[in-house]
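Quick setup: one chain, the form predicted alone, written in structure tokens, and binding and motion questions come after.
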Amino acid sequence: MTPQDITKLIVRTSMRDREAFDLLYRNTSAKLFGVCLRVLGDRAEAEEALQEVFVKIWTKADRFAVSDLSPISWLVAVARNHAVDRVRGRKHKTTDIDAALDVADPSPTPEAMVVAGGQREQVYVCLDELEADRAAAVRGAYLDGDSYLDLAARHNVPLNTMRTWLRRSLMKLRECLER
């Protein structure tokens, strides 16, 4: 079948000519199936995509612009774009990495293990050297398992401020414990 014949079939399909659509399908489906299969990599999914491609061709044949260009290029572009859309659609949505910051670890933290390991009094003495709100934040984060977000809300400060408080407080605790 020549490009001109395919062009005529597409034009007739745009006028809802079922016989032309049937001929178009019989003459181009193998090539378009190959395109779908190459992109999707799964025969069953490629067969399903091919059906959807021909539905698109049936509904959008009037968008085909008759020119000197190959009509099979237009058909291949419709098939390829549809297959690529299916690949994009099946990718799993990822969760935001910041959501992981709010997950409390149920295992004892190093600070909790120190408290349990006999240096409890030393840690409490060092915690008492911190400002009251900083000490409460450290206790909440590392002894009670509160999330940074919860602590920031409780102390009415921005999240990054809470992170800074905790980091600086841990540095002060380490200095105190090393004395």
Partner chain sequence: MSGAGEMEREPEGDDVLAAEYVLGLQTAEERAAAQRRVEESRDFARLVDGWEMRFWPLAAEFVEVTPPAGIKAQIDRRLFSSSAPATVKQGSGFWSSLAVWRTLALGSLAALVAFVALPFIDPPAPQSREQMVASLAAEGSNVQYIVMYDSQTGEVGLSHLSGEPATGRDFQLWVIKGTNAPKSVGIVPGGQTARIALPDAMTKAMEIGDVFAISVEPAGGSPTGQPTGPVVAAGGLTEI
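Definition used throughout: the rigid core is the maximal C-alpha set that superposes within 1.5 Å between two forms. Numbering follows the first chain given and starts at 1. Bear in mind the structure is a predicted one, so any value in this text is a computation, not a measurement.
From this point on, the text means the form predicted in complex with the partner chain, which you will not see here.
Heavy atoms of residue 45 never reach within 4.5 Å of the partner chain in the predicted bound form, leaving it off the interface. In the predicted bound form, the partner chain sits within 4.5 Å of a heavy atom of residue 34. At a distance threshold of 4.5 angstroms between non-hydrogen atoms, residue 52 is in contact with the partner chain in the predicted bound form.
Although the partner is absent here, residue 125 lies well away from the partner chain in the predicted bound form, with no heavy atom inside 4.5 Å.
Residues are counted as partner-facing when one of their heavy atoms sits within 4.5 Å of the partner chain in the predicted bound form; in 151 to 179 these are 151, 155, 162, 163, 164, 165, 166, 167, 168, 170, 171, 173, 174, 177, 178, in sequence order. Residue 26: CA moves less than 2 Å between the shown form and the other one after rigid-core fitting. Here residue 11 does not count as shifted, since its C-alpha moves by less than 2 Å between the shown form and the other one after the core is aligned.
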